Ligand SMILES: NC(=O)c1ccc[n+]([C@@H]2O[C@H](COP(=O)([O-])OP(=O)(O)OC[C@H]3O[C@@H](n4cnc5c(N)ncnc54)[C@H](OP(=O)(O)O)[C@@H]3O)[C@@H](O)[C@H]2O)c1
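Okay, so here's just one chain, in C-alpha cells, the form predicted alone.
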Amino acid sequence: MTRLGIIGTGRLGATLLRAAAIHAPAIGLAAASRDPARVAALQREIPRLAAASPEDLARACDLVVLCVPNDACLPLAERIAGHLGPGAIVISVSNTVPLAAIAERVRVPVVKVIPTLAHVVGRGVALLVAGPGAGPAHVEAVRGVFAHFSLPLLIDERDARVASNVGGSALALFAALCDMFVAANAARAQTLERATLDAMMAETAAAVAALAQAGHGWNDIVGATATPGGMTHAALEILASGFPRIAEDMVEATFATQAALAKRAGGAP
C-alpha cells in the first residue's frame, strides 16, 4: 500500500489530506504538524489518518509532501533528510523554493506538485515538475497518487508560472470574478436572493467547464451565447474594452511576485 505523508496541516496540507481521504481510499495517510490539535481535528474527519512526527513520517511514507511556509521548507528538508526511506520521494508544493536546494538536503528524488482546492471535489489540474533525481518512474509514482483526485500534468519548469496561473491561480481569479458579477446583479435584483444567484452562477461556471471539455472553444461559447446588438454583446464590449490589459497586468504581477519570493528563498525556482 502506498503511504502519503503530509508535513504541515495548514490550508494546503489539509486540502490534500481531505482529497486523498475521499478519492483514494486505498492509500495510507499520515500527517505531521507543529500544531497537534490540527492533526487531531483532521483525524476526526479522516479516521484512517495517522499522526506522526516529521521524522517518523519520513521513515514510514513513500511520498513525503512538504506543505510548510517557504521559509520553513529548507530547514524541514534538513531535519528529515536522515530519516527518509531508500525509496522515498519528496514532494515540494512551493513555486519559489528551488528544487535543487531541497534535493541537496534530502538526497532523494524531488518532484514539485502544484495542487489546488479543486482536488477536494476530484477536479482541477495538479502540475508536476521533475526535480533533481526524479526519473520517469518517480514522476509516475507521484502522478499515480494525484490521478485519484486531479488531472496531473507534467510540465517543463520554464513554464511553471504560466501553468500555475492557468491551472491554479485562475481558480481564485474566476471565483472572484463570479463573486463580483453576482454582487453587481444582486444590487439590481428585486425578488432573487443572493443565495439563488450564487447557485445559478455555480451551475453556469460548471456548464462552461463541461462545454469546454466537450470540445467547444471559448470563442464558440461566446458566439453561441451573445447575439450582436444584444444585452450580452453589450456586456462583452465592456469586458473587451479593459480586461485584456488587466489580464496582462495580472500575469506580470504573478511573475514579479514569484521572482521576489524566489530571491528571498535563496535562488530562482
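All values reported here derive from a predicted model rather than from experimental measurement. The first residue of the sequence shown is number 1, and the count goes up from there.
Heads up, the form predicted in complex with the named molecule isn't pictured, but that's what we're talking about next.
- Proximity to the named molecule in the predicted complex, taken as heavy atoms within 4.5 Å, picks out 107-115 from the listed stretches 149-157, 107-115, 175-183, 123-131.
- Only one of the listed residues (A199, A72, A170, A100) places a non-hydrogen atom within 4.5 angstroms of the named molecule in the predicted complex, and that residue is A72.
- Proximity to the named molecule in the predicted complex, taken as a non-hydrogen atom within 4.5 angstroms, holds for one residue of R34, R48, H216, H233, which is R34.
- Interface membership of V139, defined by any non-hydrogen atom within 4.5 Å of the named molecule in the predicted complex, is ruled out.
- At a distance threshold of 4.5 angstroms between non-hydrogen atoms, G5 is out of contact with the named molecule in the predicted complex.
- Interface membership of A24, defined by any non-hydrogen atom within 4.5 Å of the named molecule in the predicted complex, is ruled out.
- At a distance threshold of 4.5 angstroms between non-hydrogen atoms, A163 is out of contact with the named molecule in the predicted complex.
- Taking a 4.5 Å heavy atom cutoff to the named molecule in the predicted complex, the contacting residues in 1-27 are G8, T9, G10, R11, L12, G13.
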